[in-house]
Structure formats: C-alpha cells, structure tokens
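Have a look below at one chain only, the form predicted alone, in structure tokens format.
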Amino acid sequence: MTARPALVIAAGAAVFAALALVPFVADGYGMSLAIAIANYAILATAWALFSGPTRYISLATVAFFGVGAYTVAVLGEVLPWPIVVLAAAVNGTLLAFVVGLSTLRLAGIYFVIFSFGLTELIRQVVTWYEVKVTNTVGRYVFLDTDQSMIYWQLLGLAAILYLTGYLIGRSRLGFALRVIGGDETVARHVGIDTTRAKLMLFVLSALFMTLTGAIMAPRWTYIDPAIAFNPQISFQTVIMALLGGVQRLWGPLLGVIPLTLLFDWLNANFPNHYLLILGIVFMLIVYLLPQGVAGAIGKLSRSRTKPEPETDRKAHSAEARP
C-alpha cells in the first residue's frame, strides 16, 4: 500500500474512533439524531455505491432494509444475535441476486419503475403471509440492546462500507462501472462484462442496506409491513444522496446530515405536510444542484485552479517587459 492510501485509511480510522465517543457525551435526543444520521449515511452511501457509477436510479432501498428488519423480527428471539444478522445478510443477498439477474438488463425509467414495484410486491407478500399464515398483522421485537449498541453497530458497518467503497473505487471493478455509467454500449464493446459488474455491485449495495435494517429493527418495539417497507425510506435515501452528490464516496454524507436534521424538524412541526415538503425539497435539489453539493464543490475548485489561457499569459508577459 502506498503512502497516500495508508494516510486516507488512517485518517478515516481516527474519525470513526472519535465518532465512537458520541454515546458518552450525547443525551437521549442527541443519540436519536446520531442513530438517524448513521442509518441514512449507510443507506445513502450504499445507494450511491451502485447508482453513482452506473447512473441507475433505484427505489428498492427499503425492500432490502425491510427484509433485514423483518428477519430480526422473526428470528430475533429464537437465535443468537450474530446468527440472526447472518440470516438477514443471506436473505438480502439472495433477494438482490435474483432481482439483479432479472432486472439489470433494464435501463432508464423501466429500472426505476421496477425497483419501486419490487418494494410494494414484497410488502404485499409479507402482509399476505402474516394475515393468512401466521394470523397476525405484525411482530414484537424484544431484544436486550440499547441506543448505544445500535449506534456502535451502525458505526462499525459504516466504517466497513466506506473502506469497501474506497477499495472498489481504486479497483478494476470501479473503473468498469464508471465506463458503464458513461456509455454501457461502449463498455460492452471494449470487453467489459456489464451484467456481471452491475450484479456484483448491486448485491454488495443491497447487503449493506439489509444489514442496516437488521441493526435498526430493535429500535422498534413493534414491526409490521407498513413500518418495515415504508417507501418514504427509499425516497429520503435518494434525496439525501443526490443532494450530497454521488461523484465522491463521501458525497452522500453532505446531504445526509442537513436533511436528517431538516426532516426531523419538519416531521415534528409539520406532520400533515411532511410528504409535500419532501417533494418540494426533491425538486429544488434536482433543479438547483443537479450534481449535488460535492459536485458543486468540485466545480468551484476546478474553476479556481483552472490554468491561465495561453493568450492571457502572453499578454501578461508582454506587459511585464521593460
């Protein structure tokens, strides 16, 4: 490993070590916000991990999140926690593999529609199973955990996600996905197995979303399909990722922090108009910041470091002559 990657990883480790101290200084409300930020930081970054380089807009985030949460609701009281998390990971991976094989040949609006329909399909299947087979509407989740444990688990998962994304960005897979995002036809012509590359990253992205749902499940004492598969989670994830920007691994975080605070305030003060305001925020982001905050920062940085045109340099040198 060269000096620069080692320095980046060391700096990231220091940041996460500092963030691990939050439960020792935050009160109950502060911990609630910290968990919400960590939750959406993982979801938005995992979403951008796939959708950023490929430019596929997926609304299936909550499908995998809900699978993870429901796995905990079903198995949480009968199996040890590590086994439950492993079962959630397997369920999410299998679902993503099947969905990926079926849909990743789609593109544009067709993929968006299917990904949104997938969430509703899974929600309806789970609802039918609960009502017809188990004769229940939802499930209670009683696990021996607290906010600090949930936060630390999310923080550890986020650290793994950022390290994974950093390594992928420097790998042949990351390069292949950027080529696919630029022009998928060109990518196929230069010998890239586009389906395989997209499938690998789609499954990896879904795995992190599923594990996030599993870790977050104990926060709800009661889980039903409407809670676990709430489409609002998918929309908020997309909005946060787009506001922050998907060109950089850390980009979504620039959208997660301010929007988590904003949505928390809106939900507390304008619960009846929350979804309307959410739609307005989304439209403003698309029109005003199409490349996100990270893209705007990059554009500003490039404009400041843009080399002086040749004609200007000649004029300046001529003026400087005695």
Partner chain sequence: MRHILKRHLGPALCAATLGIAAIAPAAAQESIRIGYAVSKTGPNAGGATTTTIPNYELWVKEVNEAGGIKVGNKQLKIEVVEYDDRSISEEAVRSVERLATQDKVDFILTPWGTANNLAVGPIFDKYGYPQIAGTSVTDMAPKLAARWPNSYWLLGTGGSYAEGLVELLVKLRSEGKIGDDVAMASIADGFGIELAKAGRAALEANKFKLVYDKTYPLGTQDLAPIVNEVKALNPDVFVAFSYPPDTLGLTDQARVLGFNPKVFYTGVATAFPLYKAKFGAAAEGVVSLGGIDPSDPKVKDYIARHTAAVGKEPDRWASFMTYAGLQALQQAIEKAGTLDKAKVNEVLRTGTFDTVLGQISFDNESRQVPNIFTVGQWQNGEFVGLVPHEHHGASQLVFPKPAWPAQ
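Positions refer to the first chain, counted from 1. What you see is a predicted model, and the numbers here were worked out from it, not measured in a lab.
Below: the form predicted in complex with its partner chain, not depicted.
Asks: Taking 4.5 Å between heavy atoms as the contact cutoff, choose which of W220, Y166, W152, W81 touches its partner chain in the predicted complex.
Replies: Contact with its partner chain in the predicted complex is made by W220 alone.
Asks: With the partner left out of view, is L211 within 4.5 angstroms of its partner chain in the predicted complex by any non-hydrogen atom?
Replies: It does not: once its partner chain is placed as it appears in the predicted complex, L211 has no heavy atom within 4.5 Å of it.
Asks: I'd like to know if V67 sits close to its partner chain in the predicted complex, meaning any non-hydrogen atom pair within 4.5 angstroms.
Replies: Because no heavy atom of V67 falls inside 4.5 Å of its partner chain in the predicted complex, the answer is no.
Asks: Is there any non-hydrogen atom of L86 lying within 4.5 Å of its partner chain in the predicted complex?
Replies: Outside the cut-off, so no.
Asks: Is V90 close enough to its partner chain in the predicted complex to count, meaning some heavy atom within 4.5 Å?
Replies: Flag for V90 set to no.
Asks: Do any residues of 150-185 have a non-hydrogen atom within 4.5 angstroms of its partner chain in the predicted complex? If so, which ones, in sequence order?
Replies: Stretch hits: zero.
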